[in-house]
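Take a look at this single chain in structure tokens; it is the form predicted alone.
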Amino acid sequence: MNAIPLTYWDLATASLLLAANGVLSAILGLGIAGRLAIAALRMLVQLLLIGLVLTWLFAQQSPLWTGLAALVMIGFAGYEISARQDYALKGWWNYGLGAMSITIASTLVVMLALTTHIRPTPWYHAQYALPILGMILGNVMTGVSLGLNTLTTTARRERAAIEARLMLGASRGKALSGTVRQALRSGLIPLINAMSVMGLVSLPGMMTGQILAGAPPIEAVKYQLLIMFLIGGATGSGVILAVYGAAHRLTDARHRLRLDRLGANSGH
């Protein structure tokens, strides 16, 4: 059984549901009708463009083009992380720390999946590499952005308590340990919540897509489990790298809290 094709008329009629939300927003005075319309338009344009780009990339089977596309995806993810911070690290750290964390975590996990689990021919085929990277990257981006934001906002809020511990002789790692743990939990909570309800409350996107395409449900479940294991490993690694890197940046070798290295995020 093959996937049932959709026409543009099918999409147009389905979009009326979203348009109804905009109308209700205007009637109820929610003030989000314009933002909803812009978001929908962006989604439409972005998805149509990526569909054309992916069609071309799949036909190339080139490690160079696949790698360049992956770098673009990672670059935008790094920007989104930096833009989501209430208080950003100054200088290149604002972008560099998040981008470095997701690059290391996502790249290693995707390479592992392509070379040892999925094993496409060739292993760098964009049809497999880019969708897997996209699923992993989106989750790692969310975890890292939440972890970093929790760390910086909590450090500012609890500045007096942290500095008191430092004055009493605690090392910078010990003084920030509670803040770091809170940030790590914050970064991993979305992943835990998603896994907890999967299969009972929600049927995840990859599994649903494969079932709609005609794959046996058990095979779809296997692929979804593989993807979730990959996402879990990448998210955990990315959050740990980012949070501990930021904690190190917010202190110095003399065991002082350096909140002067933070600034209000102009892009927030």
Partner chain sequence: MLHIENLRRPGLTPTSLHIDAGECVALMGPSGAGKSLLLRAIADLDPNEGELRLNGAERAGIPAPDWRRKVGYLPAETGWWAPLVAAHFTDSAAAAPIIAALNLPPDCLNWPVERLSTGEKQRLGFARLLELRPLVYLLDEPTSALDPAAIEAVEAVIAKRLHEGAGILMTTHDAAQAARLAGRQLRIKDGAVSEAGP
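Residue numbers count along the first chain shown, from 1. Since the structure is predicted, the reported quantities are computational estimates derived from the model, not experimental observations.
If you look for the form predicted in complex with its partner chain, you will not find it shown, but the lines that follow are about it.
Comment: its partner chain is not present in this chain, but in the predicted complex one of 118, 189, 170, 198 has a heavy atom within 4.5 Å of it, namely 170. Proximity to its partner chain in the predicted complex, defined as a heavy atom within 4.5 Å, holds among 110, 180, 99, 166 only for 166. Among heavy atoms of residue 249, none comes within 4.5 Å of its partner chain in the predicted complex.
At a distance threshold of 4.5 angstroms between non-hydrogen atoms, residue 159 is in contact with its partner chain in the predicted complex. In plain terms, the part of the chain that comes close to its partner chain in the predicted complex, with a heavy atom within 4.5 Å, is 253 to 261 out of 240 to 248, 253 to 261, 19 to 27, 6 to 14.
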